[in-house]
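What follows is one chain in structure tokens, specifically the form predicted alone.
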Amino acid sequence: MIYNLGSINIDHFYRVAHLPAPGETLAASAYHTGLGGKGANQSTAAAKAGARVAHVGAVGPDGRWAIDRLAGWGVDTTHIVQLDTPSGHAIINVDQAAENTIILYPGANRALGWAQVEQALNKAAPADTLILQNETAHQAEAAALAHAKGLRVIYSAAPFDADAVRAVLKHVTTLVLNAVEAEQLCAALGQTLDAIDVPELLVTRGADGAEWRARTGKRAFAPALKVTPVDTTGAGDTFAGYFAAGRDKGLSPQDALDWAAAAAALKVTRHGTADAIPTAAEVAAFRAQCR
């Protein structure tokens, strides 16, 4: 079972010719909304991969549809509460090269009480997994509780916050970073990647693939599959969710990496975030085509 203390956002997408410069007013050529947030994306990816997932989070009065959407993909939404605080939302600009910039309003994600998180984790067992990101409250407390109960703790250090990482790090099983976050963390800690003391480290590098390294010295690498991207938003979350599902299913780090890399590659060929994350069947068909 995978528990996810994660954000739930309403994503507002704007298609632009290029990413705006400071002081520039830029007309968008297209606009749409969808379900997002690093937490919701990762829960969606893990559920579409076939894992049992319970999401722990909060939405505002405007967020009932988000709960229903997650439930429709098989996510257990029992531990999602509806608060008076508006739902989190993101303003996402996507350019012609599929790169993006994102402005995030945390909203209800940061208003969730600890009691709801603690209650959700009460039934968790050592064979279970907790996944976390930096878009909610109570990451450090949840990681400590999960670690004490013997769960695997997979932590995506994004959006990057050095203090948040320091608070969580000693409870983490697998630390997930992208290339930029890896550089930021090394600079903040004054250490190389190999010196960061966690049992497992996973670094995603976009078109340069993804690497997994363990404290024991073991290594694994998955090259990126060559595709024509149209929207990279949520690719890292797709990777993290599929990797968590793979490990939950008992896959080796190498097999989980390869599976996650294929899912992320397929995702970037589609516009959107949670809605665009592929199912396990779609990933299997895609991998067959790539052979």
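Just so it is clear, the structure is predicted and the values come from calculations on it, not from any experiment. Position 1 is the first residue in the sequence shown; the rest follow in order.
This protein has a second form, the form predicted together with a small molecule, left out of what is shown; the following refers to that one.
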query: Sole residue of 168, 182, 117, 92 within 4.5 Å of the small molecule in the model of the complex, by heavy atom; finding: 92
query: The small molecule contact at residue 41 in the model of the complex, heavy atom, 4.5 Å; finding: yes
query: Residue contact check: residue 102 to the small molecule in the model of the complex, 4.5 Å heavy atom; finding: yes
query: In the model of the complex, residue 37 touching the small molecule (heavy atom, 4.5 Å); finding: yes
query: Contact label in the model of the complex: residue 76 to the small molecule, heavy atom within 4.5 Å; finding: no
query: Proximity to the small molecule in the model of the complex (heavy atom, within 4.5 Å), stretch among 44 to 52, 24 to 32, 234 to 242, 64 to 72; finding: 234 to 242
